[in-house]
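Consider the single chain below, provided in structure tokens and representing the form predicted alone.
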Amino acid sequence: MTLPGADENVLLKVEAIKKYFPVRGGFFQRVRGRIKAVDGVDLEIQKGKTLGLVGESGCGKSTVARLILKLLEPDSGRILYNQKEITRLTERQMRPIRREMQIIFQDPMGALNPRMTVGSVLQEGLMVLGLENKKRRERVAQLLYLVGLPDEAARMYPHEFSGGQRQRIGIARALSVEPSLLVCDEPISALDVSIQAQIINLLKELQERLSLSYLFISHDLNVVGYLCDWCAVMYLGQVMEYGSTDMIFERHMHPYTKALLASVPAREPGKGLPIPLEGDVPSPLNPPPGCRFQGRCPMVEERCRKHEIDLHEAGECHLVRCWKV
């Protein structure tokens, strides 16, 4: 995959990564098949930039995030962080790199220990770094200020906060060890619309202040268009289209991308009606040969049913997985 920017500007690079989950059945629980959750995904995240990862539920977005963070081990492919391959590193070898990569979860309440005060939650990572007690307290106060919470929040418990405030605590926890990359796994989908805007603006402000890079997973294409510099569209474990956000939104070429963008609610009634997609999403346990989107594509041809196609250049900084482009 060819994208602009020298290697030294690329913080994270994922090459042809795959993850299949075995499906067992029968008396002896033999493997009867494999779910192809992620099937040959290529991604790049540049330093100080945001890559948006979009697609329907079940397409493999969160699995990609967990593979990047080495919470799951890939079956094949390579993961490079700061030009260093981390794919096969042991847990001990990964420990210093984990400080560089942190995650913000979708459900802020489920991600926080209800029996711990906010101060204790934020100090966990700092204790691993070996900071003394006084420096830990100072760092907690600094983190709360960064995310817009008062100092007294350190003595309170997660249930005493609203959903938006809990997500701010989750962001503060992710920032506690001073990472370079934040994986945001649908961080606003569980929040009210007015609170979503506050969290998005906070993430944008923190990125500018701390020179952070983001992998931003979302269903909300309006948010992706506002926050992200690059965008990758996933369908059934594969990237269908990849490019700059402006390119994807203004000159998209893949029929699945067209359908996604057309489904965004319009401000005026009767405009922006969605492109009808026939059929259901195929099972990742038995995806069709050839193009994964063939069963729902209005432009399908015979070669789409027989031959699989890789991402190829459709213009400057623009990659598409389609025979007709």
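None of the values given here were measured: they were computed from a predicted structure. Start at 1 with the first residue shown and count on from there.
Form predicted together with a small molecule: not shown, discussed below.
- Annotation: in the predicted complex, residues T117, G119 and A141 none come within 4.5 Å of the small molecule through any heavy atom.
- Site annotation in the predicted complex: the residue of Q294, Q46, T257, T63 reaching within 4.5 Å of the small molecule with a heavy atom is T63.
- Annotated contact segment (heavy atom within 4.5 Å of the small molecule in the predicted complex): 63-71, selected among 286-294, 257-265, 25-33, 63-71.
- Although the partner is absent here, V41 lies well away from the small molecule in the predicted complex, with no heavy atom inside 4.5 Å.
- Within this chain, H219 lines the site of the small molecule in the predicted complex, having a heavy atom no more than 4.5 Å away.
- Using a 4.5 Å cutoff between non-hydrogen atoms, L51 does not count as a contact of the small molecule in the predicted complex.
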